[in-house]
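Below, in structure tokens: the form predicted on its own, a single chain.
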């Protein structure tokens, strides 16, 4: 089993070391992300509201994927407790934030996961779960997750780096592809991805190497043809997400000698048209311990929201947070390269 960077006591397990690496790229005369924004008339970058509350329920996961920006794995013990969940529920009850995006690690490994989903749905909010698929088959107690998701009309978002075994297993671990296919078929059997069911099943593609994702539209068509013809699997949308140069993926870039070339690629592909749709403009990210961030990637770099008065969910203030100036750094080029990238895929489709 691959161990997390934290357990290995790897230098890149420290967010300050990651930020130092990102800062050192400036020695190659690369512009900062802030400078790129200013060149395009954006200063500072601000939120335009909060439509999505993205909650990291913990860093524990049944997989240890090579590209994981969370550094999640079976050896991570950080888990959101029920008191922090209750603060989140209080915020949802008092605001018109309608979409709750549950992520991890594997969010289903949180012992209060099902209770939390039920409480969110009781408030009439939409729930998205970033399910890694293999969790469904990891243990008998998870085998009924497709039925649980259906009962509560949960939108399922699942990573599948390729429609072939070799590509997927190289990135996510041996046996992951086979179990992912079985889990997708189980989701299809209860109605997910089926026309007219109202049960949304979206897949996520991440590049396996140091390159940008291809056209999301073209890739989605290819995925639908291949998964349907090979395995009888149907789904709604494919999200093509650019890999962020942080955590395990940053380690891969450095160890493979691809870091400078990849950063040059991200910066040269900067697309100003993507800026207005950046997820930090309509999303607030909540860490497993309740601290607040502009996005999931900032969370993993410990870059909390800039406004010190409201850096924890217990201090939530909608008026302050809904038009906050967002915290940016060099990794943000990953969200503005090419077609743009967010947790919902391309920003320009």
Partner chain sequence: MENHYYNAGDLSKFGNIAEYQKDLADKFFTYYGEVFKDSHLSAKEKSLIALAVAHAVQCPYCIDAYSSDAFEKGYSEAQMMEAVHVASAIKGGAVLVHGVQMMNKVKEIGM
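Since the model is a prediction, treat every value here as computed from it, not as a measurement. Residue numbers count along the first chain shown, from 1.
One more form of this protein should be noted, the form predicted together with its partner chain, which is absent from this view; the next part is about it.
Undergrad: So, in the model of the complex, is residue 270 in contact with its partner chain at a 4.5 angstroms heavy atom limit?
TA: No - in the model of the complex, heavy atoms of residue 270 and its partner chain never come within 4.5 Å of each other.
Undergrad: Is there a non-hydrogen atom of residue 265 within 4.5 angstroms of a non-hydrogen atom of its partner chain in the model of the complex?
TA: Answer yes; at least one heavy atom of residue 265 falls within 4.5 Å of its partner chain in the model of the complex.
Undergrad: Report whether the minimum heavy atom distance between residue 175 and its partner chain in the model of the complex is within 4.5 Å.
TA: Answer no; every heavy atom of residue 175 is more than 4.5 Å from its partner chain in the model of the complex.
Undergrad: Counting only non-hydrogen atoms and a 4.5 angstroms cut-off, does residue 208 reach its partner chain in the model of the complex?
TA: Because a heavy atom of residue 208 falls inside 4.5 Å of its partner chain in the model of the complex, the answer is yes.
Undergrad: Heavy atoms, 4.5 Å, its partner chain in the model of the complex: which of 178 to 186, 127 to 135, 210 to 218, 108 to 116 makes the cut? Say which one.
TA: Answer to the contact question: 210 to 218.
Undergrad: What is the one choice in 143, 152, 82, 170 with a heavy atom within 4.5 Å of its partner chain in the model of the complex?
TA: Flagged contact: 170.
Undergrad: Could you check which residue among 222, 90, 78, 75 gets a heavy atom within 4.5 Å of its partner chain in the model of the complex?
TA: By the 4.5 Å criterion, the partner-contacting residue is 222.
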